[in-house]
Structure formats: structure tokens, C-alpha cells
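Below are two forms of the same protein chain, given as C-alpha cells: structure 1, then structure 2.
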Structure 1
């Protein structure tokens, strides 16, 4: 019995390339293709594929959202991410969403076939570069902690407003609190972030994409 595969990518050429190769494999059967996440979710319910090959960046519904839905509705379906970038902001959300494997588009046809066969046995295949990212992340989260993770909710809120360029008075008015309170928050923020003034705090916020 062959492995039923659904191919999801917004680039027609990529789908065509993948499918044309997979069709040469006897134990793999491409049962359908989709050009966006929403369509992918629909087709999964209809076709019940064993494996879904999906890109992350797509128009209608992105690959992460689609992965989340698919793994929630059909837990037996294995999702393989096949994307171009090794972005920290994509890798972890994707794996948390329930993806089994993570491949890059630089992967060869054989790599993809291997990943599909491994998926059938619930075995993950993670691209080395992605794996390196994961190690880095684990190391950093285990040892170091980002300064802003020490901030309380309120302080984070104030920091964001500093990052928007508001003065203490404006922050006070925005949050409906006194300027004295704002000053206290700001002082705490500065010491927690290890910076000297609000300008550096604002820069910190931007560099760490808190805004």
C-alpha cells in the first residue's frame, strides 16, 4: 500500500517539480495539491493523506496555521515543512504547531522522499541548519534569559510606549495612571534592561522586535 501525499505550495512550479519526481516513486502516491493553507485543510479532510508536504509562507492561510489545524483535526496525518528559510520565528512556531519534519527547499529530491518514508514511521527529519538553530535556542533558553523577560506585564506595556516615542506624561495619560507611577516603571525598566535612559530602552525595544 502506497503512501498518500498532499503537496501544498503557492508556487505552481514548485508543486509541479515535487509531484513530477514523487510520481516516479512506486510507494508514493500524490493524491492532491493545494496552493494555500485553507485549501490544504479542506483537502486533508477530504483525501485523508498520510503525509502533507507544506510550505510556510502562503497567502490565504499560512503554513503554520494550516499545520495547527491539520494536526488538531487529523492527528494521524504527518506534516512535513518544506520551506526556503531557516528563520527562528518560523521554525519553532511550525514545530510547536505539530509539524513532524522540517526541510529546506535546497533539499534534493531524494531527501524529500526519505523524509516522506520516515514520516510514515513517525520519524522526524530535521535539516542540519534547522537543528543547529534548535540547539542554539535550547542553550540560550536554558542558560541566559533575555533582559526583557524579567519585565512585568505593566513594565512591558510601558516599554512599548517608550519605544513609540511617548513622554512620561503621555504614557501616564495613555494608561490612566499618574506620572509618578510611570517614572517608577521607567526606572525599573531601565535597571532591568541594563540601560541608562529611555532612548536606549526604545532602541532595545526595536532591536528585540518588541514593537
Structure 2
């Protein structure tokens, strides 16, 4: 059974070139073409393609908005982004919108065909430059610490007691430390958590289940 493909790009010459090559493949059937996102959504509802090959920057609904609508309304239709941009402000919104694969227009015709065949099997193909950005983003997220992770063990103890509603004097008595030391800890806690007062610190402690 042929893979039904819809080609979406606002440049007619680009569409013509892609379609001309795809039509040489026995297992691919180009069922339609669109010049903008809105038209792509309409054609998807009408033609029910297996794969949509779509650009990102287009007038009258861009590729990201179209991808979101297509994947929401037709979850069996796979979307492949084919664009000139590797800007993460476009890459991640496109993937979050539901795109399965992300290719650059510098990809070879063979690479595009492979991506289409992979999409039919629900397998994603990501341009190496984009994949590198994804790895970097995941690593950055993994190494980002919560504010309370910057607190010392003693400051965490003080924060928990603040969360329990104890005064500075009560904290000093509980931990067997001086009132000045408690005040220093409280000041450091507020600074590290980025909050303005004890109440906000207590709320932070409860929200993050530190108590």
C-alpha cells in the first residue's frame, strides 16, 4: 500500500521539486499540495494523508500552528518538518506541537524519502544539528537546580522550622544555636530562595514538600 503524502510549502518551486522526486517512488503517492498552514489543515481533513511534509514559515497559519491542529485532529497522520531553520525558538515548539521528524531543506531527496518511510512506521528522523540542540537542552534541564538545593543542611533545617511556624527564638532554642546565627540563616535562606519574607519561605517549603 502506498504512503499518502501531502506537501506543504509557500514556495511553488520548492513544492514542485519535492513532488517531482516523490512521484518517482513506487511506494509514495502525493495526494495533494498546499501553500500555507490553513490550506494544509483543510486538505488533511479531506484527504487523510499518512504523512505531511510541511515548512514552518508561511503566511495564513504557520507550520507550527498547522502541525498542532493536524496532530490533534488526525493523530494517525505523521508530520515531518522540512525547513531552513534550526533556531531553537522554532525547533522545540514544532516538536512540542506534535511533529514526528525535523529535517532541513539541505537534506538530500533520499533522506526525505527515508524520513517519509520511517514516519509511516512511527519512527522519527531528526536533523543532526537539531538533535544536538535537543541533547543540550536536556542536559541543561537536568543540571538546573531547584533554589532549595543551594541551601546548606543547617539552612534546610531552619527553613523546615520556619515552615512549621516557629519564631527565630524558638528556632534558636530547638537547634541550640544563637539568635544571631538564626537571623543569618534566615537572611541567607530568603536570598537563595529569591523570596521576600518568612511567609513566602514557608509557602515555598510546603509547596516543595520540604516539611
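What you see is a predicted model; the values in this text were computed from it and never measured. We call the rigid core whatever largest set of C-alpha positions still superposes within 1.5 Å between the two forms. Numbering follows the first chain given and starts at 1.
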Quiz prompt | Of structures 1 and 2, the one that is the form predicted alone | solution = 2
Quiz item: With both forms fit on the core, is the shift of the CA atom of residue 22 between structures 1 and 2 2 Å or larger?
Solution: no
Quiz prompt | Threshold 2 Å Cα movement between structures 1 and 2 for residue 197, core superposed | solution = yes
Practice problem: Using a rigid core alignment, state whether the CA of residue 66 is displaced by 2 Å or more between structures 1 and 2. | Solution: no
Self-check item: Rigid core superposed, the C-alpha shift at residue 158 between structures 1 and 2 in Å
Solution: 30.6
